[in-house]
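The chain below stands alone, shown as structure tokens; this is the form predicted on its own.
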């Protein structure tokens, strides 16, 4: 099984609010080579020498490994498959890949998706892609991260040559073709962003704050139930009105988190229109605004991410922002084709030259190629 990583172009920290996002799959991949077994044993090996062999049984309660352990994403797929789908046949599997780990490019979700696909194949149990994306998002809760469903949907549903507008509750995905002269540069800050490990509680706290802010806004309307969540709120009021209510009802951290959700959701709508109109200047400006919000209201940027964004912009990028959960990981920058090499060279010289051996540069700095989902 081959599963691609993804880069999120805009719409950060809002998929867990069931709000639309705009990722795309990239050419970096993770592979699960497997053979079915005649029993319920799952045996795993990894070509990364830092990740030792693992085995467990589908018939026994599947317990998580220590927080942040690579096998937890395979265990998550197996636990959901055994409990919810009645999977009983195990597998021998080898994991290999070239998605930078903990870089905000969905290497972990790719591992979960690839493992689920392999286990389903080993059990001769086909599932449709939409259902599979939903189940993989549910399964990922096993690792303790309260994430949304963007990564799994992008890994499974992305199409070549296009970004993917992903909506939730119900899950739906629509390809948005990339204009011919648009290029997206990805640069890894080299600061680990392990949202299932050391950053798990920070990530979960941001979701919790968004939920608390929503509850306060609904209470201000006199509603005691979820009332359609953030989407219901936007259906009843304009984003501007929701923001005015937030500024009246909330304060401190809750106001900052709500302000990010409200404005980031509006940016996704505007960015989708800009991409369809091939309006690169507007799309880039929206990326810049997203980065400012992620830094100031969501508080997930870092000095390294800000530096990378600044270098990219000064050398011709139309916009740049962190991608993924933040607190480390990567940035993504929009450049027109004619400026792509200039931006890549500037990032290599002004950021990576003093941080990384030249032989490793291609693993952490790349032009993203919008690619087909899992196969």
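This one's a predicted model, so the numbers in the text were calculated from it and none came from an experiment. Positions refer to the first chain, counted from 1.
What comes next is about the form predicted in complex with ligand GLA, which does not appear here.
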Heavy atom within 4.5 Å of ligand GLA in the model of the complex - the one residue of 301, 71, 272, 147 that qualifies
147
Give a yes/no on whether residue 62 approaches ligand GLA to within 4.5 Å in the model of the complex, heavy atoms considered.
no
Heavy atom of residue 203 within 4.5 Å of ligand GLA in the model of the complex:
yes
Tell me, yes or no, whether residue 325 is in contact with ligand GLA in the model of the complex, where a contact means a heavy atom of each within 4.5 Å.
yes
Check residue 16 for me: does it contact ligand GLA in the model of the complex (non-hydrogen atoms, 4.5 angstroms)?
yes
Using a 4.5 Å heavy atom cut-off, indicate which stretch of 147 to 155, 216 to 224, 119 to 127, 93 to 101 touches ligand GLA in the model of the complex.
147 to 155
Using a 4.5 Å cut-off on heavy atoms, what residues in 94 to 110 are near ligand GLA in the model of the complex?
none
